[in-house]
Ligand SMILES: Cc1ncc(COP(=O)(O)O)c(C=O)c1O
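A lone chain, given as structure tokens: the form predicted alone.
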């Protein structure tokens, strides 16, 4: 057997964590707070069937949907991103600078193809989205953590780490952060955009949860404060339309967009046309506003039930995040309870069988960071199951406290 590339060794640890994230999602015997999937009720099945029946015809868009397409993506889908998703958030985006990608992660992968050489430094939040760490490690980058608090990434620590490590890129999820559910404050968004410009560092703003806000005050993306083209906005249709469609987008400056097209051409020529056509029609027919209202109401209810259940059933001293949107909350348990061990006990105990994601894997710095924390996803779990699962898990935790 020929030797595997060194990158496969570099990403071994994070790859194992990612495999674990999906392990219990489809086990009917487990109540899973582990995965980040949207609710089955949030998928526009009937609308997609209606659109598909209309457009997959010779006299409609059938040939277009099944033929090769342009590298940047369908013009009407890029127009929808510009006018429906970005303009209301304060971002003026020419559709020619928007690239439709094969899921949100492809945009991040393409940006690494543009900028990252082996040994380059990428700054990430502490904790951070482990799936993107896997991508960064595949490019043999060195990830360095930047402190977070309840208001998101700390700009002072970001600037200090830039001066110390000379990174190519800083990666953050500013809105309803994965894994914590926190949101970067307005003042910090403007500051971080300015820091990227001042220090010639790419700010990679990964914002797939931004459009499922159901409480609090809406905030403009970091990109809206970018004056030099150093901020690149990456997002996804997975949470607002369909994860199975594998559609995302990247909005960047002229110079970066041109290079992204080259990298996209070398990677897969273009994003699949069939889901692009259906998604473009979903927006053009005006289905998005009512769909958006419905899914926000659905997730608000599940968030409220989850927070109430944690407060009721978890031990006194548990700290948790109250998210204004998204699919996650973050809980830190008292008395140093190891959540990796707790997860194994929960899945093995026939009276519990509740999954979550142990916190330690989200911290690149190691040393036991996050050992007493857990990411809890409520998006795909019906309210009645949230209550049952939280009560079972809380009873297990209380038993460990004696």
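Numbering follows the first chain given and starts at 1. The structure presented is a predicted model; accordingly, all values stated were derived computationally and were not measured.
The same protein has a further form, the form predicted together with the ligand, not shown here; the description that follows concerns it.
- A residue is said to contact a partner when one of its heavy atoms sits within 4.5 Å of a partner heavy atom; residue 209 meets this definition for the ligand in the predicted complex.
- In the predicted complex, the ligand lies farther than 4.5 Å from every heavy atom of residue 127.
- Taking the partner from the other structure, the ligand in the predicted complex has no heavy atom within 4.5 Å of any heavy atom of residue 250.
- The ligand in the predicted complex is not approached by residue 183, whose heavy atoms all lie more than 4.5 angstroms from it.
- In summary, among the residues 95, 73, 103, 155, the only one with a non-hydrogen atom within 4.5 Å of the ligand in the predicted complex is 103.
- Proximity to the ligand in the predicted complex, defined as a heavy atom within 4.5 Å, singles out one entry of 238, 257, 145, 309, which is 238.
- Contact check for 173, 178 and 246: all three have a heavy atom within 4.5 Å of the ligand in the predicted complex.
- Judged by heavy atoms within 4.5 Å of the ligand in the predicted complex, the contact stretch among the candidates 79-87, 185-193, 201-209, 159-167 is 201-209.
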